[in-house]
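Form predicted alone, single chain, as structure tokens, below.
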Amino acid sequence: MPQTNNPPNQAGQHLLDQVRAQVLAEHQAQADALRQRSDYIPALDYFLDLLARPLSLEKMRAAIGRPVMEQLCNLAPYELFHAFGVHPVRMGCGCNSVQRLVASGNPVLMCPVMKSNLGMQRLHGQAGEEGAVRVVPTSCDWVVKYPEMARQDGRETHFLELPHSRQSEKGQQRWLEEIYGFAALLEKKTGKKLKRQRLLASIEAFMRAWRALQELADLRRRRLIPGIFFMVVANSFMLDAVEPWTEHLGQLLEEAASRRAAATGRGIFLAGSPIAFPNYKLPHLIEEAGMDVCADDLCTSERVLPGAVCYDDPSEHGLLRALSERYHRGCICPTFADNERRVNSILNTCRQNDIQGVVYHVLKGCHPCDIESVTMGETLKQHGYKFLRIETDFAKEDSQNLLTRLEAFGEIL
């Protein structure tokens, strides 16, 4: 089905109705499967309810009561959106059945996440509201080209030009200028001026969320919560306002901390391409092979927030500079040119948590992770760690083959 803003004909409408039912069933089936586990924690209900609803910006805007602005990456500071009363949503969809809506007119070997995003946009209506803006940090090529693929949807695109060298002073200064430009855009779109106290309050709100997520990551490393449940929580980030999300996470922490060890499989580190609900094929297969993800560096999981915001200067400029550094120097996305810190971070996590193996997930078409997997594997093996590269997509046809490889990997750990 080509992407246009024209109303669908009868056949097109039938296809939309058919896919809508499949999408709902796919989301609900994954949520039901997680709820039926013997180690399920009732406090997860809030997060699963958020995920079980297929992403719709219009419905989210009505539920949260704030303007919603989409972004295609974690690199646009959440705190800045929040300080202007705007709710940011990262477009990261793991739905397989919706991809058939955009099967034609796009590259065959295409990032599955971007393909599902396009399909979900097609399913819910193509045109954005008047003045709608899509924020696009220029991280990978698929993200950069997304607005072109989502043609004629009526949204304005604001690119945040990401310097791919983080250590140079020139790159850091360029990114700070992008942050200032982004603040100016938000002022223009909302009609509000940036207030230092409001920005400070927003930074504190997201710091509370980050600390709570770090506590949950610690419980996962101590095997008190299965890795797949950590993904549920992280995947739901910003599907509600940050304040109630953090409050519910606090309740989950209390409940999970009082339990005995929940994860029994051999602990592994999961790296590479993002994993988004409802596509939990790989986490389920890892468990079925007798392992458990007790740490990761996925941008849809442990890296949904890149770290603490550190500032000595509480002026408006000081806060913007601190945000700039957090989202640029603090990020370990594989698209950066100078990224030794990423493999060092994995090595440190493995050493500190007695993890013997790393599974590297490559989504077909995810070129940065595909390239990085080669050097990452060589380095980890040189340090004595087992390494397995898994390339797949959202389809289930390769599940048995992947399971066989994962079982063999588990036996050598």
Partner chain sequence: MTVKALRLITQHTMFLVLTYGGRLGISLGSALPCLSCPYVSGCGGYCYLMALQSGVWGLAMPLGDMVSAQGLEALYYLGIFVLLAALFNKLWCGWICPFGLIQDWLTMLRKKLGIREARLSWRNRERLKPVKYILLAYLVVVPLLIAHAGLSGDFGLPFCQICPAKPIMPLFAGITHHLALDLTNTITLVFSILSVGIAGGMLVGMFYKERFFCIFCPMLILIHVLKKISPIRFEKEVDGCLGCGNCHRMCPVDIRDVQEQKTKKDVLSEDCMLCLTCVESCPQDKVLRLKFLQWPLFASSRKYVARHFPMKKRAHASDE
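Positions refer to the first chain, counted from 1. Quantities reported herein were computed from a predicted structural model and do not represent experimental measurements.
Omitted from view is the form predicted in complex with its partner chain, to which the following refers.
Stretch-level contact check against its partner chain in the model of the complex with heavy atoms at 4.5 Å: of 166-174, 114-122, 71-79, 265-273, the positive one is 166-174. Its partner chain is not shown here, but in the model of the complex it comes within 4.5 Å of a heavy atom of Glu243. When contacts are judged by a 4.5 Å heavy atom cut-off, Lys145 does not count as touching its partner chain in the model of the complex.
In the model of the complex, its partner chain lies within 4.5 Å of some heavy atom of Glu204. In the model of the complex, its partner chain lies within 4.5 Å of some heavy atom of Asp218.
For the marked spot (Phe230, Gln356 and Lys386), a heavy atom within 4.5 Å of its partner chain in the model of the complex is absent from each of the three residues.
Note on contacts: among Tyr280, Phe336, Phe182, Trp210, the single residue with a heavy atom within 4.5 Å of its partner chain in the model of the complex is Trp210.
Proximity to its partner chain in the model of the complex, defined as a heavy atom within 4.5 Å, singles out one entry of Thr157, Gln214, Gln251, Asn106, which is Gln214. Contact residues in stretch 299-319 (any heavy atom within 4.5 Å of its partner chain, taken in the model of the complex) are Ala308, Cys310, Tyr311, Asp312, Asp313, Pro314, Ser315, His317.
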